[in-house]
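Starting off, we have a lone chain in the form predicted alone, written out as structure tokens.
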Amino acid sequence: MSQELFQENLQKISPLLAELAKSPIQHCINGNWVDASNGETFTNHSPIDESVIGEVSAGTTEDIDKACNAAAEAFETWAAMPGKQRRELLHSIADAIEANAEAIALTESWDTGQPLRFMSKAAIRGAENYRFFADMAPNAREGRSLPAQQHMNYSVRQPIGPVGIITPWNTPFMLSTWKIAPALAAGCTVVHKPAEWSPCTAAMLVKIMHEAGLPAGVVNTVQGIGEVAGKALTEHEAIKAIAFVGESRTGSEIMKQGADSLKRVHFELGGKNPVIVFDDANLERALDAVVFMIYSLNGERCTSSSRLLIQKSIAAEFVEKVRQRVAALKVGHPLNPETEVGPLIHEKHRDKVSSYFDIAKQDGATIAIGGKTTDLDGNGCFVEPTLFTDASNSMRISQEEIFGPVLTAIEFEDEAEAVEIANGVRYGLAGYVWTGDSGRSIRLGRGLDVGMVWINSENNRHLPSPFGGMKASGIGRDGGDYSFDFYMETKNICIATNDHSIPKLAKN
């Protein structure tokens, strides 16, 4: 049955790929589809078999300037639109996303190498993001009543202005909606620069938004290379804030580029997240979560639990069970419904991930399973799902974000050592704790230097809750009203309620 479904998926993707190959993916600026100002393109390949998907317009500084000016021109009208009207429009966009869910999933799977079993949910999650923030739009500007004895203070919020959004390649469609939807709900206009390794569904998204009735100039998408189009966006005077998801090093560069214009920044950056398993945990559930949170999405997930911190009393048995599960993972074509691990996004990223196989050996760790590149019929950017054991927290495999299907197991004696190891990295995005001790779960919830902690759970997202990291993992929080803290300015208004005393100077 799965082979039949696989063949059906291959048939369904064929017309989508034929359409992408016809002409370059263009920019969408002020509601118009346009080539790069200099006519230049770059080639987009599928990581499945390294075949050419098509050409993509290579955004220039001039293209970014036009997009930013269009966003600035559209801002006043969009910001003045009643929140209820924005809500209706965002719900219409969500409806359109759901109507195109299969095409989005198939295209994203082919473009990124992510297994269809995960990408089939990408459009649905994207639509949920639009619906959630749509329903917040009517009340987005509300503030607080802050009365004093002789004055009435109250706060209101207003959209910050045109914003730049730079999204990554790992789950590009969902993460684009996660950033764009709250910006639109707040009343901001947007210039979106997608990752150059995954351009396809960004073009689909902006097309869907305009077909659903989004006014011209409210969202502008410029494809291109980060060092050119991305840099021009972060430096542009018309852009008041930059939301970026990606590597910590790139976040640092963006902060420098935006400094001259005092841009507000929101960064969701790297992670080296621990999953801590104590001997009193439900070990079967912990095993499921440990394997899922590093080997799903090809390990290309900022919140992946890439360090397994395992209590010594259960380490040998638990790690062996992990090894057996890793050996059983189904690596293959992402459009095959049985595939659990597909190819990595790009040959450069495959080479980066596979470089850690030698690093692990040099540092004295053991490759319990995996540790090699692989292929599909001689092609593709595949690596074997890998487990490192006999590791210490000082090793590079324990400290650096590998961003692939690679897990490093580190043993600990007690709770204090587990916290010390968990916090002993430059990152602080997420942490996972498995324990049967409720007091310990509370202590670790406080003690881990991360922005998010999941207790006896995998990464379960609740849209109103804050999402973001500490240390080198980011600045700011997404989710619920926390998103509006970034996309809006808070203004205080003070009104005197009586003839209070006013100090006099230069009195005659």
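The structure presented is a predicted model; accordingly, all values stated were derived computationally and were not measured. One-based numbering along the sequence shown.
In what follows, reference is made to the form predicted in complex with a small molecule, a form of this protein that is not presented.
Listed residues D358, E76, E413, E227 were compared with the small molecule in the predicted complex; E227 is the one with a heavy atom within 4.5 Å. With the partner omitted here, the residue from M209, I276, V245, A105 that has a non-hydrogen atom within 4.5 angstroms of the small molecule in the predicted complex is V245. Although the partner is absent here, G217 is not a contact residue: none of its heavy atoms lies within 4.5 angstroms of the small molecule in the predicted complex. Shown alone here, K193 lies within 4.5 Å of the small molecule in the predicted complex, counting heavy atoms only. Contact between F467 and the small molecule in the predicted complex is found at the 4.5 Å heavy atom cutoff. Contact check for P159: no non-hydrogen atom falls within 4.5 Å of the small molecule in the predicted complex. Residues with any non-hydrogen atom within 4.5 angstroms of the small molecule in the predicted complex fall in just one of 281-289, 166-174, 332-340, 362-370: 166-174.
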